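Presented below, as structure tokens, is a lone chain in the form predicted alone.
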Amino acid sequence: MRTFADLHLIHPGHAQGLSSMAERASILGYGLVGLTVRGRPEDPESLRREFSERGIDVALRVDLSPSSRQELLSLLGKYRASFEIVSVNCANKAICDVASRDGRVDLIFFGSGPIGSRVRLPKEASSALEVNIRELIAPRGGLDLAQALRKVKWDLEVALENGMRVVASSGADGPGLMRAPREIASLLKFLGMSPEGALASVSTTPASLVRSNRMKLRGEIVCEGVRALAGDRWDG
């Protein structure tokens, strides 16, 4: 049975709002969510519990918005070991070049802004490109809906041209911005993705990303393509 995933739910800042989002995720049929929190959570298990009580797996996530290459590298060193998902908002080409190739980065995305300011992705990117549907539901950065549609379509085209994996998420910080997985997949098909690719972007692609990261955090994957056998220890 296919597990649907929304890897970008943003903690609303209060317990009641988080509970409402967990309930909404259950109604929409999600089995896995990524929850963005600020800093290192003091009690991560309490955050997971809101969802796990409803049968939903939770991966804790941090969204980095560095202003320079140096700041990005510093933030990765600080946060990578504490979160199951690390995403980077690519504000310029220098950050994009590093974030898309650095194995410590799982997802890259482009924040709202003028269409002409988009940066192109380098070849052989190791991270996945995330499309946040919130950009179409409630456009920000001065964009109207038509501009937001062009931006998301551009993002998808760049990812597909470069052979990047695509993860589609809601980017929601409240239940009203959350959408069903097949609804999100249908939107990506409308914007040019194949039916199989669109469905994978809300299921197998995000699920495999979280699974791989958990293995790395447990020391079961030494580096890309190399797994540690039972009883082995990695001290690198």
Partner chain sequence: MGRWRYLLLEELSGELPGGEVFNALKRSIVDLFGHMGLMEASPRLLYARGRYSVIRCPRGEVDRIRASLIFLSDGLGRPIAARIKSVSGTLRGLRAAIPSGGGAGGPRARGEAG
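Please read all numbers here as calculations on a predicted model, not as lab measurements. Positions refer to the first chain, counted from 1.
If you look for the form predicted together with the partner chain, you will not find it shown, but the lines that follow are about it.
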Considering the partner chain in the model of the complex, which of 145, 94, 160, 73 comes within 4.5 Å of it through any heavy atom? 145
Considering non-hydrogen atoms and a 4.5 Å limit, which listed residue (69, 211, 49, 182) is close to the partner chain in the model of the complex? 182
Report the stretch among 203 to 211, 164 to 172, 185 to 193, 57 to 65 that approaches the partner chain in the model of the complex to within 4.5 Å, counting heavy atoms only. 185 to 193
Looking in the model of the complex, any heavy atom of residue 133 within 4.5 Å of the partner chain? yes
Does the partner chain get within 4.5 angstroms of any non-hydrogen atom of residue 32 in the model of the complex? no
Can you tell me if residue 27 lies within 4.5 angstroms of the partner chain in the model of the complex, counting non-hydrogen atoms only? yes
